[in-house]
Every structure is written in C-alpha cells, then in structure tokens.
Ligand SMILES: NC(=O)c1ccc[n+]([C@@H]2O[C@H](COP(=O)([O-])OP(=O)(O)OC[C@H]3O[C@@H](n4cnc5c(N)ncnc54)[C@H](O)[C@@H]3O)[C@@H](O)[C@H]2O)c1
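Listed next as structure tokens is one chain, alone, in the form predicted alone.
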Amino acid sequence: MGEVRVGVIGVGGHGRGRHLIPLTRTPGARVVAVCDTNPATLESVCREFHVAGYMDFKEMIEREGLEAVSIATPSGLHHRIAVECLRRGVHALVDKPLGASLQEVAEVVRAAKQANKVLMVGFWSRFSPALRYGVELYESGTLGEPYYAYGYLVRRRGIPGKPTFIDKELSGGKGVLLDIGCYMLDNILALTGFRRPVSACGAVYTKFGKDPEEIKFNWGWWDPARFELEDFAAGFVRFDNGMTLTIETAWAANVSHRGEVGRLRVLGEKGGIEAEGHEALQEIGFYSRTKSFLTDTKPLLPNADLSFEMTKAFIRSIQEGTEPPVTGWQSVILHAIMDAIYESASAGREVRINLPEI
C-alpha cells in the first residue's frame, strides 16, 4: 500500500505536538491538510508545514481525498467529529478521551465497525516502555492473576485555565477524572488485561475551582463563579475475576509533592508491579520471589518518542489491515467504569456496570 493521505483536525497545542509533528515523520503517512477553527493558528501551521488549511473538516475530507484523520480537538467534540469522519469512510486516530460518556464512545465504536475502518484511541501513554514491560509481565503469566490495583495521578495545583478543559461543552461536561484520570485508569486496565468490570462506587469533589484565590497557583485563569467540574475524584471498581481497583486523581490537592505525580501498583498471585511517572509511566519494578529469595527486578528501559510510536502504530494498522494496539472496545470498558464512578458519586451508592453490545 502506498502513502496514506492524512489530515489533522485541531492543531493547537496537543494537536500540533502530539499528532501533526509525529505524523509528518511517520513512514507511510503523508499529511496533506489541517483543520482548525482558529484562523491565526490555522494560518501559522499551514505556513510552517506547507499544507492546505481548512476551517471545516468535512470540506477538508472531500476536497483532499483523505484516507485518514487525526482528531485532536477539545474533548467534548471528539465523538461528533469521529463519527462523521468514520461514516465518510475515513480511518480515525482520536485523541483521548474517545468521548465524554459511554454512550458517545459506543456510538464511535459502532460507526468504525459499520464502516470497516481503523479506529485508534490516542493514548500516547500506552507506548511507554515502562508500561510495555508491565504488559509483557502480565501477558507472559509472570505476574500471575492480578487481584488488586491502585492508581494515583494528582497535581498539587494544576487546574487548567483554558476553556477547552473547563468549559462544559468543550470539555465534555466532566472534570479531572475524564481529563487525566483516564490515563491512569487506562494504564491499569492495560496491565491487567482489560477485564470486564461489574460494579463501581466513587465520589467527586469541587474544592479548589470555586475559590478565586486558587487562580494564582494554577495554569491560567477561569471564572470561579462558573466553575462546575470536579477537581478531585476517587473510585473503587470490582471486576468479573474478583480483582478490585482503587483510583485517586486530582487537578489540585493539598499533598506534599510538587507538580503532577503518577503512581501505580498491581498485585498478582506471582508478583507485583510498582510504577511511577505522570500520565505516562516512566519507571517500573517487578517484585516477586524464587524458591528461597525475594526478588526485585528493574528493567533497563529504552528511550522512546511516545507520540511518534503512536502515529506509527496507527498508520501501520491501516496499511496492514490489523487491529490497532489501542482499540475502541478498550475505551468502552474505560468509559463504562468512569461513567459508573460519576453515577455512584451522584447517587451515593455502588453502581452495577453493564457493557453495551457493539
């Protein structure tokens, strides 16, 4: 198969850095056009990368004969744009999260199935060498059956001030759990085989975003009187094999560490994994035993450009006709859990999880 004609929808910070630039370096990909609703951003990117520019992604697809798109718009727009692109017969790499709810995600996955097109979710964090080492431990049976997992992704202060993150329509109407908590939850699910969740309970809090004094410590400005999203979330999840999972995530919390810290633990019957990083894991260890000794194993991890590895995997899936490494069904499981945590927080009780038919 020849080069895949690709267009990038949304070329702001993430779109430019994590999608457009890696795609221009990806073997087998030819970026021919970009789309953005900000005229200044669009003009600047078109001039820098020598590509055609559009403010309407549907016009871009039709006029440029695109075979694939990379979607990096605000989260609240992912679902609508992805469904439209897939229905037009275009493969889609969609930045995380795939949608704002389980219902939206399921609609995107169904659209990909009906169109018989590649749908890959842009969790660049999945290409972390540390995570890949942990997945290898699980898939080889070295870890044994996982029975408990814990994930923590917390910023001391880091409420994003941009409307794309905190405007209810642009963000998808949800806060930190949807924005960064999804990274840690996805990491854990990848390390434990994306088992079927059966129930969840959780709580969400808004403790910092409504305080005008907090703005001075954070990333940009917002109107505290109109801040309606959660800045802290915690959840507890049960799976069909008896495994349980605890997750804790915050845009702001009175913790000791500076900046954003991610920590993860997975306990298996034959060993345990502990890892640290941010959205993407950077360090990992495996803790087990021999017949007579306890053992600690630290792998020698290579350097990797995670976004580049992501775009390479997407183009390779298109060219080879294979399933991408980050699938839509995995996001169905992810969002079923997140929706259940939000529902439990509202209802004040544990919530059963029913996965939709795709």
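Residue positions are given as counts along the sequence shown, with the first one as 1. Since this is a predicted model, take the numbers as computed values, not measurements.
What comes next is about the form predicted together with the ligand, which is not displayed.
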*asked:* What I'd like checked is whether L93, S128 and R132 together line the ligand in the predicted complex, meaning each has a non-hydrogen atom within 4.5 Å of it.
replied: no
None of T327, T37, S44, Q319 but one has a heavy atom within 4.5 Å of the ligand in the predicted complex; the exception is T37
Heavy atom within 4.5 Å of the ligand in the predicted complex, from candidates R156, R110, K210, K162, belongs to K162
| task | Determine whether any heavy atom of P22 comes within 4.5 Å of a heavy atom of the ligand in the predicted complex, and answer yes or no. | result | no
- Task: Decide whether F286 counts as a contact residue for the ligand in the predicted complex under a heavy atom distance cut-off of 4.5 Å.
- Result: no
Practice item. With heavy atoms only and a cut-off of 4.5 Å, decide whether F232 touches the ligand in the predicted complex. Key: no
Even though the partner isn't displayed, in the predicted complex is I166 close enough to the ligand, meaning a heavy atom within 4.5 Å? no
Among 132-140, 176-184, 112-120, 189-197, the stretch whose residues bring a heavy atom within 4.5 Å of the ligand in the predicted complex is 176-184
Contacts from 60-91 to the ligand in the predicted complex (any heavy atom within 4.5 Å), listed N to C, are A72, T73, P74, S75, L77, H78, R80, I81
